[in-house]
Ligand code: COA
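Taking the form predicted on its own, here's one chain by itself in structure tokens.
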């Protein structure tokens, strides 16, 4: 029974929100984060500055940044119950994203959510800055504790005890420290910081939409973010950056790039790290991460691996244009994500959880923005099933 409405699979092209947080232009290859071109923001800001920008609509001055950093760092320790739960999960050898989803649901323990936003508070203009509605300790706890959950769980998986977070390190540096127990170099911190800035928000993607739908029910931030983690866990959204690097390792030396990649394409295989549903040109995030990887590998890494990856990228783009003319399959964010995170010493199973560590700040910004409008998200569906069926007792059903 159709009601005359238009069904759009995947809500393709349907506008479901207005946002000041990020803008994606797939044709121009442009990503804007709260007014800043990604290339400007990602390579220069600390992650704490980027979070402040998303939550407050502007960059902080020095005193504001210091206060924000200290407040965020103070929330890094997770509740003992969370650690106990993670240890039990590690005994089952569950994937790290499963552990993050499970651990995320505990982050409201010991914290009362303060809601100082008010439905209808926007008035006619709808221009109330997000900063006027941000006084929620759960927002700080979620962002601060995601790295602690991931690092603690990873160490449990290795048969090691978690490392207590430090408050004198930046968000990025502390995450690397909690994974290894060693204070990272400045080059590695800058590399991770650039990555976290690069993937912090990206329009109304699946996990962000999930978070906005949940918070629109007037639920809490932990529920919204936990739901978003579940959405990000799906390989069609969170992706699988690891295979892109596997191909680089399989090739091994630049001379093998052309024959190996050509053989894959002729066998009908997909080249991981290339092509994107939205971007029809090179993914701007790949541009930023390529530069970040070059700087990090030159200062503290294996430049031979970086040069090999560049050769593989160039060869892949050329062969894709030859084998799939008109498709314009360019490098996407996964290719240099894999290279950069591998260079930081992260195992493949940590790639998507590290993505979530960044994106949690964007999810919260969207939740705060959604709450300002105070309206339940309730789309319609079109019924296409049968009608007029007649009930029969179970004994007489054919």
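As the structure is a prediction and not an experimental result, all values here were calculated from the model. Positions refer to the first chain, counted from 1.
The discussion below concerns the form predicted in complex with this ligand, not included here.
Across the options 151-159, 217-225, 69-77, 264-272, residues that bring heavy atoms within 4.5 Å of this ligand in the predicted bound form belong to 264-272. By the criterion of a heavy atom within 4.5 Å, residue 329 is counted among the residues contacting this ligand in the predicted bound form. Interface residue remark: residue 280 is counted as part of the site for this ligand in the predicted bound form, having a heavy atom within 4.5 Å. This ligand is not shown here, but in the predicted bound form it comes within 4.5 Å of a heavy atom of residue 320. Residue contact check for residue 360: none of its heavy atoms lie within 4.5 Å of this ligand in the predicted bound form. Proximity to this ligand in the predicted bound form, defined as a heavy atom within 4.5 Å, holds among 333, 31, 364, 356 only for 333. Residue-level contacts in the predicted bound form: of 233, 256, 310, 276, one residue has a heavy atom within 4.5 Å of this ligand, and it is 276.
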